[in-house]
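Presented below, as structure tokens, is a lone chain in the form predicted alone.
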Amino acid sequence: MIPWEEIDRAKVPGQESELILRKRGGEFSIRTGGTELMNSRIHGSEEALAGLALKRIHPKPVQNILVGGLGMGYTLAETLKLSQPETRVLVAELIPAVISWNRDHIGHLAGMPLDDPRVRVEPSDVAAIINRQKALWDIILLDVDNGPAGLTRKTNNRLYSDTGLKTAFKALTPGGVLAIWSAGDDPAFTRSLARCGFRAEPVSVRATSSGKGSRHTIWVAVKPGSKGKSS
């Protein structure tokens, strides 16, 4: 068996933990401690995050999309695949090394989405970007940490608190969609989304695009208004 080769490692801001980029043949992995966060062989649910959100808002043209968490670029690539030429996509990635990894080591996996002229990437906390302006984003996609139950950075939990969800609600245009990736379901979080004004549903998806592997959860939460379709 081909051994794993460590490519690089980077500190998680504000934490003692590190992210580690590894390679084995044509396979790449990003880990923290003893936990694998993502693997280049398993990215179906990351693509579903974008697909479910864009399907829900169809057929209204989408102008502005915020992607929270770059990862290996699969969510971004699917977003671009399903978006129009005039759509603008801002990617917020807190860890600068993840951006450089996508440019220098793993960008080819998802087709070099950062090279698309519709994309702007900002090394910033997505929560701060959401808080900047009201009624700006047609779609907000969050693949941050492990979902509502944080794994690498506990401060990510504020995104999924009632305060964070209400801020996201205000940042969306009428009919806009907030979609959230999670490793598992959480009925209490579905209730939190409803309490904060969203029409929300959890969607169970497979980890791989072939329909195999473990199940992950995508919350699709619509801000009432004229753009999105009701559940």
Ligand SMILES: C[S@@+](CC[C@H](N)C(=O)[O-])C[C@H]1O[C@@H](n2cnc3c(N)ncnc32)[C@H](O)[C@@H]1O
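All residue numbers are counted from 1 along the displayed sequence. Computed from a prediction, not measured in an experiment: that's the story for all the values here.
One more form of this protein exists, namely the form predicted together with the named molecule; it is left out here, but the text below deals with it.
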### Task
Could you confirm whether G147 comes within 4.5 Å of the named molecule in the predicted complex, counting heavy atoms only?
no
### Task
Examine A171 and determine whether its closest non-hydrogen atom to the named molecule in the predicted complex is within 4.5 angstroms.
no
### Query
Taking 4.5 angstroms as the cut-off for heavy atoms, does I57 touch the named molecule in the predicted complex?
no
### Query
If you check in the predicted complex, is T79 within 4.5 Å of the named molecule, heavy atoms only?
no
#### Entry: Triplet G69, A92 and V98 all within 4.5 Å of the named molecule in the predicted complex via a heavy atom
yes
## Note on the structure
Per contact check vs the named molecule in the predicted complex (non-hydrogen atom within 4.5 angstroms), the hit among 161-169, 183-191, 38-46, 198-206 is 38-46
### Task
Any residue of 73-90 with a heavy atom within 4.5 Å of the named molecule in the predicted complex counts; write them all down in order.
G73, Y74, T75
